[in-house]
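Here we start with a single chain on its own, the form predicted alone, put down as structure tokens.
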């Protein structure tokens, strides 16, 4: 990047909102994945107009722009793979409107998920997707990845709540999609096109979100299974029982072992543990749903079923699930958290397949995830300095992705493709689909300046 170009960036955002200092460039070189690449400069934008000016300059000078929120992504989406400029939207953090009458919130992309939840709480409303990184992640990042979380089985993902967007395209034009209405079939659904597009088509500057009343009551239960297939059949039974739990999580044997090695929870080291939660607007409603869930657990040979009788007991049952990520991340020097998703009827075959892949390649894989919507998180634990082990992990990951697709599933349910899974896109998407996606990229970003190198979209 030329010194003159940096001067032009300073003139757009102001001296205080520009940096090419090493400490900032190193900070912006990575996210929560194993990927890293240093940019040449970073800016903080305050408005759509500034973003348009930055994109215009990028097109004129030919440098790439990588948009960044909080950097909590697990697939390298905000890593500047080809250098250039990191555009940090964290200072565009205003909640512009909350309309309970319309059940709508309008926010800038830098608003942290937890900040919106705090603002909605006095009204008795929530934004339901509930990603695990909610205390830190930004809503712009949620839109870019179509983020979800533990409540996806009942409440879906970010895409189900985005009504409209303001987006700066890769050619610098500002476009508005959607509206504040709950229903619209006017023209192509451009809003959904941009949700999950990983910053490759445009830069989101404003988001219109649908919000929901917060359920007032919950019920929580933990079930232990000696046989993985029984747990998988229990998941299918629950989801076909006529009720939809707000949470249906699974922890596999390797995950349970790891938790026991690093905590004092003393969990039974069985094939699978399921954690279920139901909710409603009365306790009777939540309890009725939980009775149906427990019936399915018992019908599919659960060794033990523990029902929480109080909020404190529910918190105790949640401890195991909430400890998974942190505990597993400490076991080996490196870890890669994958994100495959399969039809709910294929949860048990997928889990068994993960065990077979681990044994075949002699790698350690600990699995947990959102069984209620088939979204599993096999976590590879390894030493990245050991080239042989790293190679076995890469081969195992390829087998994992192939199995997920063969079972009718997808490479990613909520983390995105980014850099981590770009090489595997053609496993899931046929040549016609890839060609169409690349054509859309070319229309929205003709000079390929937005987040290049991601999603196998470069042409």
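These numbers come from a predicted model, not from an experiment. Positions refer to the first chain, counted from 1.
Quick note: we don't show the form predicted in complex with a further copy of the same chain, though the next part is all about it.
Colleague: Among the candidate stretches 298 to 306, 268 to 276, 93 to 101, 318 to 326, which one is within 4.5 Å of a further copy of the same chain in the predicted complex when only heavy atoms are counted?
Modeller: So the stretch in question is 93 to 101.
Colleague: Report the residue, out of 255, 220, 341, 108, that has at least one non-hydrogen atom within 4.5 angstroms of a further copy of the same chain in the predicted complex.
Modeller: Filtering the options by heavy-atom distance leaves 341.
Colleague: Of the options 132, 193, 136, 119, which one has a non-hydrogen atom that comes within 4.5 Å of a further copy of the same chain in the predicted complex?
Modeller: Checked against the cut-off, the match is 193.
Colleague: State yes only if every one of 216, 435 and 444 has a non-hydrogen atom within 4.5 Å of a further copy of the same chain in the predicted complex; otherwise state no.
Modeller: Yes, because 216, 435 and 444 each have a heavy atom that approaches a further copy of the same chain to within 4.5 Å in the predicted complex.
Colleague: Even though a further copy of the same chain is not shown here, does residue 289 get within 4.5 Å of it in the predicted complex, heavy atoms only?
Modeller: Because a heavy atom of residue 289 falls inside 4.5 Å of a further copy of the same chain in the predicted complex, the answer is yes.
Colleague: Residue 209 near a further copy of the same chain in the predicted complex, any heavy atom under 4.5 Å?
Modeller: Flag for residue 209 set to no.
Colleague: Even though a further copy of the same chain is not shown here, does residue 125 get within 4.5 Å of it in the predicted complex, heavy atoms only?
Modeller: Output for residue 125 is yes: heavy atoms within 4.5 Å of a further copy of the same chain.
Colleague: If we define contact as a non-hydrogen atom of the residue within 4.5 angstroms of the partner, is residue 429 a contact of a further copy of the same chain in the predicted complex?
Modeller: Result yes; residue 429 sits at the interface with a further copy of the same chain in the predicted complex.
Colleague: For 243 to 270: residues with a non-hydrogen atom within 4.5 angstroms of a further copy of the same chain in the predicted complex?
Modeller: Residues within 4.5 Å: 243, 244.
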